[in-house]
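Shown next as structure tokens: one chain only, the form predicted alone.
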Amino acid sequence: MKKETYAAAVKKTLEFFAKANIVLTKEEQNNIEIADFGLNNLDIEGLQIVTYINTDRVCSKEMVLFPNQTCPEHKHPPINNTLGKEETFRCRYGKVYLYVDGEKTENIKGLCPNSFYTVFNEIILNPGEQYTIYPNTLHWFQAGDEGAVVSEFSTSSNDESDIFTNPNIKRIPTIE
């Protein structure tokens, strides 16, 4: 990802946090992660993240999705004698279309970016609504037209171990 793309995405991310009335410290603002998943199409597939805490037991993050932006399909497998990450998403702003293993929803609202998406059991989250995703569950999520802000509460997070359906994904961003 180019530095200019990263800087513009950080600015846009801060605007979404302001819309959701989420106040970040200067340190948190400086630690915003812009994940383009190595795909170089951030507006379509990407995620903006602030991690508040990530210990051996718990993790708490705020995530921003730009309008219609998708976090690619993935799962959190068992690692280091744990079951894998369990996470609860709580929508703070906008609308989130969350897709998990299970019976396919007819006429899903989300826009499937490519053929690497395989689960279509749709859960729609509006502000104040939440959903828990259990370990090793395939899932992906997408913002509605106005974008979204989502709080994540989970067990310990080890993003490097996430398994993505798209083999071209690189979870940890590279900034040029």
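Start at 1 with the first residue shown and count on from there. Source: prediction; values computed, not measured.
Although not depicted, the form predicted in complex with a further copy of the same chain is the subject of the following passage.
Novice: Name the residue from 114, 121, 130, 68 that puts a heavy atom within 4.5 Å of a further copy of the same chain in the model of the complex.
Specialist: It is 130 that has a heavy atom within 4.5 Å of the partner.
Novice: Quick check on residue 95: any heavy atom within 4.5 Å of a further copy of the same chain in the model of the complex?
Specialist: So residue 95 does not count as contacting a further copy of the same chain.
Novice: With the partner left out here, check for me: in the model of the complex, does some heavy atom of residue 55 sit within 4.5 Å of a further copy of the same chain?
Specialist: Residue 55: contacts a further copy of the same chain in the model of the complex.
Novice: Can you tell me whether residue 36 touches a further copy of the same chain? I mean in the model of the complex, with a 4.5 angstroms heavy atom cut-off.
Specialist: No, no contact at 4.5 Å.
Novice: Spell out, yes or no, whether the shortest heavy atom distance between residue 163 and a further copy of the same chain in the model of the complex is within 4.5 Å.
Specialist: It does not: once a further copy of the same chain is placed as it appears in the model of the complex, residue 163 has no heavy atom within 4.5 Å of it.
Novice: Counting only non-hydrogen atoms, choose the one of 58-66, 39-47, 138-146, 106-114 that falls within 4.5 Å of a further copy of the same chain in the model of the complex.
Specialist: Going through the listed ranges, the match is 58-66.
Novice: What residues, if any, in 1-32 have a non-hydrogen atom within 4.5 angstroms of a further copy of the same chain in the model of the complex?
Specialist: Sequence-ordered list: 21, 22, 23, 24, 25, 28.
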